[in-house]
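Just the one chain here, the form predicted alone, laid out as structure tokens.
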């Protein structure tokens, strides 16, 4: 099968390509230097030329709370442009299948936990990442509309929980929670610091899945595409508090200090846990424990530090 993958240089895209199942397919994954996904004519031309059997859309502008709060317009516009261009170009080229990767940021901030697919579009999004979430909702709806209008096309969306893993971003200005924690705790250990500060009270709960598990789920979705729902959550189905993520990272890294809390800082939604009942019916389950995932990610971070790339 010819697979066209966007976002091939990102954390998720690299994990998809590194997975054992990737070798069973012809995977085309142009990087952003070779293909500007915000330029519709270019995207249309390459999909018309390559005629893939399926497009996996994992590209996007991503970042943590600080990055999303600083540039909401860019997160909305860039992700909307990329998603719309890929989906509409695939439709124009007659690509029979699209697997679009959404985000749990698509869910309303007051939706009941665990978050069920039926809650999508039924409330306002979390303000701290509203731009990103709106774009992801729009692209997912576009996929659904295309499938509704064209019986010969099946464009579906996976909605992952929060992610971390190899090739994550460790720059505090743009990083997500887990890599940010790893860097903070590592630097505290290196500097001999006794304390590490946590934003808020640390009781907010989050569901973070290892990126290699998502890659495994993506290939399971590709192989079982016909039985895949049009929109499906993909995640752990359980969560941890922010404090627990810090504690687990400290254990892995070997830092013996204690944590303080800055109660003036936002913590976001108190909980964001996906309902994975549809995923369970589909027949897929993630395998990596939090300890193993953080350990692998920390080793990768140390390699980046040695190369001067972190």
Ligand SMILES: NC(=O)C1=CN([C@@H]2O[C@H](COP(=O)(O)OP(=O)(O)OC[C@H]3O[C@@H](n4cnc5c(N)ncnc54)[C@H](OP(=O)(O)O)[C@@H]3O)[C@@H](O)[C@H]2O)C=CC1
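Positions refer to the first chain, counted from 1. Everything numeric here is computed off the predicted structure, so don't read it as measured data.
The same protein also has a form predicted together with the named molecule, omitted here; what follows describes it.
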Taking heavy atoms only, is residue 107 within 4.5 angstroms of the named molecule in the predicted complex? no
Using a 4.5 Å heavy atom cut-off, state whether residue 252 contacts the named molecule in the predicted complex. no
Using 4.5 Å between non-hydrogen atoms, is residue 156 touching the named molecule in the predicted complex? no
In the predicted complex, does residue 160 come within 4.5 Å of the named molecule, counting heavy atoms only? yes
Partner contact check in the predicted complex: of 187 to 195, 223 to 231, 138 to 146, 99 to 107, the stretch with a heavy atom within 4.5 Å of the named molecule is 99 to 107
Is every one of 9, 32 and 82 within 4.5 Å of the named molecule in the predicted complex, counting heavy atoms? yes
The single option of 247, 277, 285, 38 touching the named molecule in the predicted complex, heavy atom within 4.5 Å: 38
What residues in 115 to 130 sit within 4.5 Å of the named molecule in the predicted complex, counting heavy atoms only? none
